[in-house]
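Next up: just one chain, as structure tokens, the form predicted alone.
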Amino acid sequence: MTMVSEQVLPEAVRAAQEQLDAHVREIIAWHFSPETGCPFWLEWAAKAGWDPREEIHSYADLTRFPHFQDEWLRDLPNEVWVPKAYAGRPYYIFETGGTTGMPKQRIGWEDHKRDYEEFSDTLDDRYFPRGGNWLMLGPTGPRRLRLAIEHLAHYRGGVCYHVDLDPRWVKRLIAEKDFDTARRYKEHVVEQGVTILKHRKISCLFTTPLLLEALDEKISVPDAGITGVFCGGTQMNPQTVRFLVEEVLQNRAQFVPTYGNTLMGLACSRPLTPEDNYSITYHAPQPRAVLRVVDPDDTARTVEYGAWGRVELTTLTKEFFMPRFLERDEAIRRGPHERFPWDGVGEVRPFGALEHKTIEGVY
């Protein structure tokens, strides 16, 4: 997919890189200091036999670390991730995955609030009005998304209505080929959303692409008062995006796709344009998280611009340090953007999507 070229000032790119490198040094000093660090990373450094505070000076130096492993968040007790500076403070437990077996768990305190406050600053008040109420039609339960969307609504001066959805149950039904029950469950969820939209004044919507399409089969989303749609979900190809923008929302409500998860936070998309054929590019919330597109066969190597590769995530906050986690996604490496002067990831889809079928449920 050819993208319209962006004029990004070299000084802006350089400044963003310098900010990232400085932030890396700050986070490394925090997590590997006996006064502030967490037990996991302090023990890791002791076993590794080197002090990251002495040897990590930039983002590029993080290749000294191995890839962060799923099992560490599944199998280890949550307490090993508590920085000493947060000792004694009750924490949230957010889950991701868990369709079968133990889910990954990330603990947190304020990260989800900060992530969504920064995202709020990117929203256009014309379409996501201050004081406007929100409807969240999507996964709640143990996911940080539920608290994050509600905080976003409150931060912008509105309230948030919720319709719950259990994606683990949907994925299980699809895996068992019980498509009829999965369809009926989706209709059950959508009907609840329709009821709220008919009886409450709501202008902003969070949902997934498939649920947005299903909602359109019941009502006209713009006619229901929705002026802005914040849409989450890993795979949104250009054809899907164009259909949602032009047919479902009738070019009357703004469509804002995002790529986010419990481990990263929220990657914003650069503005969608017909000139780009509705191809989405996401940019991580640097310097708090960084996305890199790597060669699956040599993950130390970043692929060239325009090439496909596997998505690698590094999270860099005082609450959570996660270097070089290989996501189960692949994407095209895209260049910096005027609003986000660092690399982006384009047309994100499940890793190996062309080789095998993956279960995405309601996403």
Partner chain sequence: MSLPDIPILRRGQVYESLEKVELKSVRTGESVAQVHHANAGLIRRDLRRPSREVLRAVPMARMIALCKEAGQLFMEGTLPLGPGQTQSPQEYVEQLSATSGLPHTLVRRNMQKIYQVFTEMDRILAGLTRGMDLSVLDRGYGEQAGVPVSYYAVTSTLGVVLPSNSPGVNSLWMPAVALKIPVVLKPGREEPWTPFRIIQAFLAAGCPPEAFYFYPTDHEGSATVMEVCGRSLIFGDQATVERYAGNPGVQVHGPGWSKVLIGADMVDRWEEFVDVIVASIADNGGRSCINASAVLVPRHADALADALAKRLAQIEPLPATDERAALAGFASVKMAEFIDNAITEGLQTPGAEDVTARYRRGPRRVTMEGSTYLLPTLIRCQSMAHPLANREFLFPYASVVEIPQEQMVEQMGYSLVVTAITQDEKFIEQLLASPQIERLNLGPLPTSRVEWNQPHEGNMFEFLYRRRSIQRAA
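Residue numbers count along the first chain shown, from 1. Note that this is a predicted model, so its numbers are computed, not measured.
Separately, the form predicted together with its partner chain exists; it is not shown, and the next lines address it.
Note on the interface: of 152 to 160, 242 to 250, 165 to 173, 128 to 136, the segment with non-hydrogen atoms within 4.5 angstroms of its partner chain in the model of the complex is 242 to 250. Taking the partner from the other structure, its partner chain in the model of the complex has no heavy atom within 4.5 Å of any heavy atom of Pro77. Heavy atoms of Pro271 never reach within 4.5 Å of its partner chain in the model of the complex, leaving it off the interface. For Tyr278, a non-hydrogen atom is located within 4.5 Å of its partner chain in the model of the complex, even though that partner is not displayed. Arg114 falls outside the set of residues with a heavy atom inside 4.5 Å of its partner chain in the model of the complex.
Listed residues Ile107, Ile196, Leu210, Ala224 were compared with its partner chain in the model of the complex; Leu210 is the one with a heavy atom within 4.5 Å. The partner is absent here; in the model of the complex, the one residue of Asn237, Gln192, Thr96, Thr122 having a heavy atom within 4.5 Å of its partner chain is Asn237. Of the residues in 214 to 230, those that come within 4.5 Å of its partner chain in the model of the complex through at least one heavy atom are, in sequence order, Asp216, Glu217.
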